[in-house]
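One chain follows as structure tokens, the form predicted on its own.
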Amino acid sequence: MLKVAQLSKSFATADGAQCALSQVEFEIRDGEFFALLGPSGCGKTTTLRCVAGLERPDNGTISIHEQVVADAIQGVHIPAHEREIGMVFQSYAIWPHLNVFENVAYPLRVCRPRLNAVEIDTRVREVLALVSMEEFAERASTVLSGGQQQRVALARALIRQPSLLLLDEPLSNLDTMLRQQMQHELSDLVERVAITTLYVTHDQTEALALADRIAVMRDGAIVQIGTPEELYERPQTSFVASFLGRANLLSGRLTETEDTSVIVLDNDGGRLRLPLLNDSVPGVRYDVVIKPEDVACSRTPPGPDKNVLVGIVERVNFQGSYSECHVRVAGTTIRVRVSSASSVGVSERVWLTINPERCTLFASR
């Protein structure tokens, strides 16, 4: 449905050309909800704008429904209004001088071939019903709430029945409760209309909850593509592992290999026995990634033959059903989740047990 190949883009700055995208490649299947996830400045919005036709790539090709809409080498660049897309901007871009009906109807009023008034009225009221805004058709756009504005923007993006929906951080301007509500509504809407969707976000929770597949971006490149489960459970780099789930990153040196499946890693806080990498080399430094929920915290020493690090609690953040403790282990702070009923307190000495089966190991770079 959407194919992006070898996409590159640079911008001129006072310090010279700044690379925004480098050899970005991915494909989205028909009806798939695909997310571009990464920190600010990683290139995800630039990628979206190239797909939309709002930016011209320096290199690479973009195809929608097997139609090449951008090819830098061949000089092909189909304008945004001629591409089969609907787009929701981060700011929603609702026109303040138009009411809800006219905001949604505008794309139909300027498209070719022209539709008559009855056709426009029917289409607009159908799509407003789809986003539960039919009763607000005559309301001024200036008095809409954030959630209502987002629904209007979605309706306007869908009014021309596009084959591809582009969403640029559409939930970032909403409060926490409304954002969670709109996540469910957006997921249901996309499933009902069965539209292929490219979604840009820096929010890991949104991407994991909404997407069928996710491409994690960093410094203008895609570092891993996979399902939410694959990325969370089997990250291929320490960046992906730490970006999804705020994982802990420990570093140590491989000191010995006990057998074909276990290594012993020395770090500043103690020794860890971990599953062996195929190319593990004694003396080399490795990064160990482990999620806060996979670290067991105890106020008393656990039994022998455990992967245990000893530390001091620096901070306890209450999160409702659990508390996140920041434990200082030598020169590293490790985050661990404990039950809110736990009486672990600041400055208390605790023992952290590391489950080797829940650790991800990477050679340090």
Partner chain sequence: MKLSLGSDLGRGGVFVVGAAIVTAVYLVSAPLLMLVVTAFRGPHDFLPFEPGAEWTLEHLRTIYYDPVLYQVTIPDTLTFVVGSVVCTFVIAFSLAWLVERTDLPWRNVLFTLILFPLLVPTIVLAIAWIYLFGPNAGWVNVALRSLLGFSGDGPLDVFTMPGLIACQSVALVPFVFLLMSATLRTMSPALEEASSTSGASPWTTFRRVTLPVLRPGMLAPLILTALITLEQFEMPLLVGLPARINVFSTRIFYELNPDTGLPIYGRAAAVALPFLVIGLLLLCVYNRLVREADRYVTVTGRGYRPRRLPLGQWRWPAFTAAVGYVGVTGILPAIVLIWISLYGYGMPSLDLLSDASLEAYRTVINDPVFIGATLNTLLVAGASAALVVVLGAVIGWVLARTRMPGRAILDVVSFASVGIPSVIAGLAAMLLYLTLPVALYGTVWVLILTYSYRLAVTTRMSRVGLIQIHTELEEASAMSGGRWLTTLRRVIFPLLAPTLVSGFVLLFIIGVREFTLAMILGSPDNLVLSVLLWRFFEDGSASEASAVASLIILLVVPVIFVLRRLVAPKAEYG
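All figures in this text were calculated on a predicted structure; none of them were measured in a lab. Numbering follows the first chain given and starts at 1.
Just so it is clear, the following notes concern the form predicted together with the partner chain, a form of the same protein that is not shown.
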| item | value |
| --- | --- |
| Candidate spot Ser187, Arg192 and Ile225, all three touching the partner chain in the predicted complex (heavy atom, 4.5 Å) | no |
| Position in contact with the partner chain when the complex is considered in the predicted complex, options Arg160, Arg271, Arg125, Arg139, heavy atoms within 4.5 Å | Arg160 |
| One residue of Gly311, Gly60, Gly53, Gly43 in contact with the partner chain, assessed in the predicted complex (non-hydrogen atom, 4.5 angstroms) | Gly53 |
| Heavy atom contact within 4.5 Å of the partner chain in the predicted complex, the stretch among 23 to 31, 314 to 322, 328 to 336, 44 to 52 | 44 to 52 |
| is_contact(Ser242, the partner chain) in the predicted complex, heavy atom dist at most 4.5 Å | no |
| Residue contact check: Phe89 to the partner chain in the predicted complex, 4.5 Å heavy atom | yes |
| Proximity of Arg156 to the partner chain in the predicted complex, heavy atoms at 4.5 Å | yes |
| Contact of Arg218 with the partner chain in the predicted complex (heavy atom, 4.5 Å) | no |
| Partner contacts for 93 to 122, taking the partner chain in the predicted complex and a 4.5 Å heavy atom cut-off | Ala93, Ile94, Trp95, Pro96, His97, Tyr106, Pro107, Arg109, Val110, Arg112 |
